[in-house]
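Next up: a single chain in structure tokens, the form predicted alone.
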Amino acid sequence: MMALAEQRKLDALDERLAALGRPPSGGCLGPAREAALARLRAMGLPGRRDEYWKFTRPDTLNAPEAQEAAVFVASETQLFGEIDRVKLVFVDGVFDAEASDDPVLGGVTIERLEEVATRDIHWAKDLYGVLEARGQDPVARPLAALNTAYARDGVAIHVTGKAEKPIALIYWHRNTRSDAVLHNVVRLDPGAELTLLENGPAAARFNKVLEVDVGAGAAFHHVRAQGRDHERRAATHIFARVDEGAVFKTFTLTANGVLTRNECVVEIVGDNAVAHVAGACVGDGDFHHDDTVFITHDALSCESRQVFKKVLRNGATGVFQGKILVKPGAQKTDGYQISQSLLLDGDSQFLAKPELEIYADDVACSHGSTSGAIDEDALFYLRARGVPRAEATDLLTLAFLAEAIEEIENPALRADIHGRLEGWLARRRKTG
């Protein structure tokens, strides 16, 4: 039976690859693309028998063609619109130079992946596909290998100092059957600092990889929002390597989306480093959201946090699979993991698989996962003071999400994310 299942996975892979156009061969990224294709053929596409896919059906992510996804026309102002930033726009996975800003920023070099791939020598050769390949062990991540092999576009960002302003990657969706594959690589030199923003629905189906190499003493802050077009499907991957004394922090807000799978794989390789991975999602109806996180401690006196909050109603499903691996010798590790769901009705569900694997004896690691309904005592308290039930529920929902949102260090970004959540809840209150 297993042999038959594996053959089906490989057959599905052949169909998937036949529908994709290979990027031009050669150039400095050619060897990484060929190696990724070999990895992909060895493992096949993900299947329901795979340990880390048993909560999420990968069928529509594996299918040769993307399913149709209606384009939602938003009336609200653009997310991060009040933030001074360098905007780089992609439409259905293709860079739009006219809609983008001039990619010039002090302390930073920004280049298109498509242009980088044509060169024989480039710094991205030492990063593109490298962290993704490392992230395939001990858990196979086939959709990430597919991305490395087939991505045509994206950005290569080299940070040599403290960036004067954030870089914003904006993903627009206009074709109802678009199938976008983007790969971004970011290298921060020792002591450098960058804030990277991402937002937008991107495509009917979106496969994205972000590889980040955070040098010694550097700081990388990442805030992204996935939302608007509800029928979209996405599989995203973040691979990060964090060196001595460096800081890596990422936060994701997800609202809407019929299927979203976010994977984050972080290697802490230098002493006294910090890695925080956080997320908040609000889902309604045919909404399936999966956060899968793997953080490896391989150095002394390092800190990691995984903070995930999910609000679900009308049959929505939330998934969290998080692991902390502490290798031998990684003493003084401080690892914290919490995943919680707020179920606003009896039809929604939250599926959690928290894990700790520790091979050092001087550590402080903890994990917890809870699922429950609105606190009736708190709800009664607010209603007794004249707050309508729907508004009181929204206030308690925002309070529940607060711990994850607090992981965003920049106050302006934190306020923008909070405002978006308030707006989403208010719109659902009117239509609920």
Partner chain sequence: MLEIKNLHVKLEEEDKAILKGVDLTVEAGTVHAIMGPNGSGKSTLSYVLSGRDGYQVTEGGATLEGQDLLAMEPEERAAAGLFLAFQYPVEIPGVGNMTFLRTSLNAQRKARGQDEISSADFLKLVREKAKALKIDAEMLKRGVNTGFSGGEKKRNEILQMAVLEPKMCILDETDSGLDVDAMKLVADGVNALRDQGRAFLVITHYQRLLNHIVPDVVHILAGGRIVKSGGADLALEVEENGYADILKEVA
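Source: prediction; values computed, not measured. Positions refer to the first chain, counted from 1.
Beyond the structure shown, there is the form predicted in complex with its partner chain, which is absent from this document and is the topic of what follows.
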property: Interface residue in the predicted bound form among 395, 363, 63, 35, criterion: non-hydrogen atom within 4.5 angstroms of its partner chain; result: 395
property: Interface residue in the predicted bound form among 42, 70, 378, 373, criterion: non-hydrogen atom within 4.5 angstroms of its partner chain; result: 378
property: Residue contact check: residue 389 to its partner chain in the predicted bound form, 4.5 Å heavy atom; result: yes
property: 4.5 angstroms heavy atom contact with its partner chain in the predicted bound form for residue 405; result: no
property: In the predicted bound form, residue 382 touching its partner chain (heavy atom, 4.5 Å); result: yes
property: Per-stretch contact check against its partner chain in the predicted bound form, the hit in 45 to 53, 24 to 32, 395 to 403, 365 to 373 (non-hydrogen atom, 4.5 angstroms); result: 395 to 403
property: Residues in 153 to 187 with any heavy atom within 4.5 Å of its partner chain in the predicted bound form; result: none
